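Take a look at the structure tokens below, where one protein chain is shown in two forms, each on its own, as structure 1 and structure 2.
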Structure 1
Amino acid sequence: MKLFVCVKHVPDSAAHIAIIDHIRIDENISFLLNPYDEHALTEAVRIREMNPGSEVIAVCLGKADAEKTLRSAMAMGADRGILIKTDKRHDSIETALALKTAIEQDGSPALIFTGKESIDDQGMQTLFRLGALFDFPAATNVVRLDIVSGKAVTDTEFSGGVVSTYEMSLPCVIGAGKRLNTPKYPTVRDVMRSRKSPIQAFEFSDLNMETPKARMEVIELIPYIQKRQPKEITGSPSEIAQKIVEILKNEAKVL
């Protein structure tokens, strides 16, 4: 069984984002494996352990430096990696097409895992586009996965604690949510081993893809500036509570 996990190389959430020319960011910051993809990987490894002879393959579309993210994926248990190298930032439409083409070149997937979203672009759609391109069913924010008699049974979590259970035919696409599992952080031995795991790297242009008709293009990035001017509320706890009620009533007008 080939279990593919699509991973993304994203800026560290704590990094300072500097905008250049109003359109791109200074990429001279630390990048790492997208947090949701850690859950995707952990789940793929779990499924592999239950199905001897299976293989977990991490696939990444990113700059050459994204090899680091693939190494992290392998330290977390992926057997090998595929890196589609590019210097451009591709939208979800092109990304899904590239991932699909690369996966297909490698073999037939039994399952494809992704994170439910990436923390940089927050597009929330690549997994569904992959599903549509392969004509596989897909589920997002998956918090439970069981493979039962040749089907994937998943729980998708909605707000307010509502959960829907879906049953999907295989192969399918699983968009991992945070509650799916608890990723184990790699040991030194895992990291050492991952250095030797194979990565197949090639250029985006080697995929010979047609440019999709639809596009989403960032035309401007603007720093999010906070305009808040903090004012202090003073007094005893009950006086503070009283002032908060007044603010909610008279200023915010929500009471």
Structure 2
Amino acid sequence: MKLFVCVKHVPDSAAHIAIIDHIRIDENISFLLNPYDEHALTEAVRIREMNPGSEVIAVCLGKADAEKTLRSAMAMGADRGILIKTDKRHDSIETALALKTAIEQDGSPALIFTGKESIDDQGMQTLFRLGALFDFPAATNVVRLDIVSGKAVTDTEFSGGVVSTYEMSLPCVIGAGKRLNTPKYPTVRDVMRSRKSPIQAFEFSDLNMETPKARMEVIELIPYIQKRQPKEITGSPSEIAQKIVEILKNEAKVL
């Protein structure tokens, strides 16, 4: 069975992000494999090990530099990679269509994995658009996955810690959440092996896709500035504790 994992080349969250011309960021920073995609890869590798003869293929849409992210994916266990090279910024509509086309050209997927979101755009749409294009069921923020009698049984976590269980026919799309597993990070040997693993790279234009009728456009990027006003709390330990409780109750409103 072919297990496809859609991965994204994203800015390091620890980097200083500078906005240029109000619509793009300065890319002279470190980029890496989207952290949520690490959980997707780890789960795909686990499913492969339970199904001898299966293959994990990492797929990425991005600039030529995104090959580094595919190498990271292969160091974590992907058998090979597919890179759709583009210098353009694509919305989730076009991204999903490009990923779908590349996957179809490679073969028939048994499962498609993604992270539940990317840490840059945080749109959380691509996995659902993939599901719609393939006409596959999809679940996001999956924290447990079992393959039982040809079906995917998932626990999906919602806000407030609510967890719902779904049974989906295969093939389907799985959006991995943080609690799905603990990624096993690569050893030096894994990294060296990944350098020899095959990557099929081609241009976005080679997909020969029809231009989607709908699109989304970035109008402006605005840096998020946190305005914090530190306040010293004085008094005896019991008085300080009481003031903290009052702040949490009346200002933060979490109690």
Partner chain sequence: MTKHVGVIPELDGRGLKEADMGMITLARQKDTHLFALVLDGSDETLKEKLSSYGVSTLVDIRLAGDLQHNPEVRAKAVIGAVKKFGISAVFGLSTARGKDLLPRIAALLESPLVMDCFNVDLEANIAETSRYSGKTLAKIKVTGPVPIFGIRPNAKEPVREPVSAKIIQFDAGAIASTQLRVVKTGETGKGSKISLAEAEIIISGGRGMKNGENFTQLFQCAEKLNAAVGASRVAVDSGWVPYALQVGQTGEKVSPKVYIACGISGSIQHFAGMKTSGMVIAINLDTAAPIMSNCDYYAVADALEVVPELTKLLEKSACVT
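Every residue number counts along structure 1's sequence, beginning with 1. By rigid core we mean the largest C-alpha set that fits within 1.5 Å across both forms. All values derive from a computational prediction rather than experimental measurement.
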| property | result |
| --- | --- |
| Identity of the form predicted on its own among structures 1 and 2 | 2 |
| Hinge pick from Gln226, Gly161, Val188, Gln122, given that two rigid parts rotate relative to each other between the two structures | Gln226 |
| Domain reorientation between the two structures, expressed as the smaller rigid part's turn in degrees | 24 |
| Per-residue C-alpha deviation between the two structures [Asn250; rigid core superposition; Å] | 8.8 |
